[in-house]
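Shown next as structure tokens: one chain only, the form predicted on its own.
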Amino acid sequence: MPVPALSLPTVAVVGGGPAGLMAAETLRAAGCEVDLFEAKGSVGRKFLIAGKGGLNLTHSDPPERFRERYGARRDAVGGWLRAFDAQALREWAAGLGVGTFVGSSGRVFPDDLKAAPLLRGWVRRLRESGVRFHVHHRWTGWDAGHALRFETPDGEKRVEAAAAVLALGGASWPQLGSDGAWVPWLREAGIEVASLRPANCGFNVGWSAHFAARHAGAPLKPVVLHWRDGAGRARSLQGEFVLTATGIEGSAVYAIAADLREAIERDGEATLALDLVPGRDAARLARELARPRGKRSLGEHLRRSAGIAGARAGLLRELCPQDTLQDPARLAAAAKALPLRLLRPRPVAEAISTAGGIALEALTPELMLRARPGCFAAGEMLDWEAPTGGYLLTACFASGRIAAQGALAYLRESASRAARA
């Protein structure tokens, strides 16, 4: 039997993350009737989890450096940011009564470091403005007449909208709603979608059972990572990361995850060189390690002579041949550039974010799907990526605004055409 249709909304926004909420706000502020559909029982779930340890809203980088964080998509995302940048995002938060500050790393946080008050205030303002929320509405693609289809507790429903904004997220943290289930539906509609891959993710190493049991959870800070980027250029970064039962994860790893992932895709593996003792050059370290050991164990000798202990010493034992461990010069060289072979990224469901998604070439500059006029897309479901540090959220907010503005322009042009007819 035919599926009942909901009353015609002016614009349907599908997805209740930052991109979808920003699209809904922009559309409603322009006078549109807006219906927002969310698969889960409440909106902003991933936003709340991301802010659990202190919401990193954006970054204080100057515009040109900020733009560079988006790699191959820097020009496209830079265009979004010209319309809604980090400062605009801070001013927007202030409009919700949420002040922000710049931390020592340049990252920008709410004054109270929390996501929940900001989200509550935002949703309340959207409801008061007239945005209609429909939770437990899981989008399942289009019907033959291009109406939006939803699974709901009351059965399947379809929605015919004058325009729509899709903001369904990627495929990381699927339990919060972004499960990537939309990929085949868009491909079936003739829309180019790059496979979703993990970004800002950890990597498998293949530790021995002894090392994993002893050192999983141990942080390494500071440490310098050396690697080669996609162009083959030598790069280095000082930061910190954590040893896990399966490999490594943490901020320094996330910052270079795209290069590491691409190296694995290209070569079958990637290699990091770890400087475990930044601040000591190899010659000095070799002299310190060449001091007589006496009856001390290797671990005690490393600790007393060079301050190498705990997980750092464990890494040397795990990764160095026995003859290297007994040769002070070779051991010093290893401590300054310890090769760590990465086998594969952790699964996309564990990643902080995803790469891949709707190809930007399949969209107009206004983020309308070329194959589906009147349907726009925003947020992490588009094919771009960025490291953590506020860059992800900023681009999600900005793209939601751009998509909404595109939808407004489309509606105005449609009305103008109808008036001329």
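Just so it is clear, the model here is predicted, and its values are computed rather than measured. Residue numbers run from 1 along the displayed sequence.
Just so it is clear, the following notes concern the form predicted together with a small molecule, a form of the same protein that is not shown.
> Is the small molecule in the predicted bound form close enough to Phe37, Arg138 and Glu380 that every residue in that trio has a heavy atom within 4.5 angstroms of it?
Yes, the whole trio is in contact, each within 4.5 Å by some heavy atom.
> Here the chain is shown alone; which of Gly177, Pro328, Gly71, Gly239 has a heavy atom within 4.5 Å of the small molecule in the predicted bound form?
Spelling it out, the residue with a heavy atom inside the cut-off is Gly177.
> So which of Leu27, Ile358, Cys375, Cys396 gets a non-hydrogen atom within 4.5 Å of the small molecule in the predicted bound form?
Contact residue from the list: Cys396.
> If we define contact as a non-hydrogen atom of the residue within 4.5 angstroms of the partner, is Leu369 a contact of the small molecule in the predicted bound form?
Leu369 lies outside the contact set for the small molecule.
> Although the small molecule is absent from this view, report whether Phe66 comes within 4.5 Å of it in the predicted bound form, heavy atoms only.
Judged by the heavy-atom cut-off of 4.5 Å, Phe66 is well away from the small molecule in the predicted bound form.
> So, in the predicted bound form, is Leu55 in contact with the small molecule at a 4.5 angstroms heavy atom limit?
Yes, Leu55 sits close enough to the small molecule in the predicted bound form that at least one of its heavy atoms falls within 4.5 Å.
> So in the predicted bound form, does Val165 come within 4.5 Å of the small molecule, heavy atom to heavy atom?
Answer no; every heavy atom of Val165 is more than 4.5 Å from the small molecule in the predicted bound form.
> Work out which of the listed stretches, 204-212, 279-287, 169-177, 259-267, brings a heavy atom within 4.5 angstroms of the small molecule in the predicted bound form.
Among the candidates, contact is made by 169-177.
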